[in-house]
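Starting off, we have a lone chain in the form predicted on its own, written out as structure tokens.
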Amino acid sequence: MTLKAIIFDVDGTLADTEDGHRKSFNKAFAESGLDWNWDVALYDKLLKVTGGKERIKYFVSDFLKGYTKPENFDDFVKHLHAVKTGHYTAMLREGAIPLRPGIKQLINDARKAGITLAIATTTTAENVTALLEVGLGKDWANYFAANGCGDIVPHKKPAPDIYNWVLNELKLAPQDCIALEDSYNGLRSALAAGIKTYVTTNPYTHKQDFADAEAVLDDLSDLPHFYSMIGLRA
């Protein structure tokens, strides 16, 4: 196989963002007059569900027994998530969440080698922009031929929808691409779309089941080793 494209997940893959998300959720809860608090142990459980709005709903349904939902619950969740996003993007724009080791170099080397780059994530477009404007510069969007994010597909990871959407945008077959993920749900999503997947773990995901991944790495600090695995000549 000649590698034609690398498709990146964002949260936990491009940057260790999950604790930033957790803290931003807690700020949104406090600002909204809620006594909810997601500590690390609880958030680890909540990460079973992808998508911020979906995670709030999962928390309410499975961890708040006896809670009476507001009348317009979907609107309540959307507003709460919007407040959270404001706190999170402010954190990103302050440079509080840098790209993970090797990520920027991989992106630059892949572009020089003529490899197409794309994004496949459940996070919002606003979050992606805030992260990558700091990490890659104002012209970051020019680096990626497809930016699959947020609610543009009906089903989030582990469903393959977002990867299928990206493949359609790139007009490439799954075997022409590799995916870079950090979580079990992400791995399942990419594999379900037929894409060979490499995993870089983080503190929230390092104990998850990655038996079907092409390789599992702590990070990309050893880029020559990773390049030899994927067949990239930098």
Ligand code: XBP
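None of the values given here were measured: they were computed from a predicted structure. Residue numbers here begin at 1 and follow the sequence given.
Form predicted together with the ligand: not shown, discussed below.
Within this chain, Thr89 is remote from the site of the ligand in the predicted bound form, having no heavy atom within 4.5 Å. In the predicted bound form, no heavy atom of Arg100 sits within 4.5 Å of the ligand. The ligand is not drawn, but in the predicted bound form it has no heavy atom within 4.5 Å of Asn164. Put simply, His81 is close to the ligand in the predicted bound form: some heavy atom of it is within 4.5 Å. Heavy atoms within 4.5 Å of the ligand in the predicted bound form are found in exactly one of 68-76, 90-98, 135-143, 114-122, that being 114-122. Residues of 12-38 placing a heavy atom within 4.5 Å of the ligand in the predicted bound form, in sequence order: Glu18, His21, Phe25.
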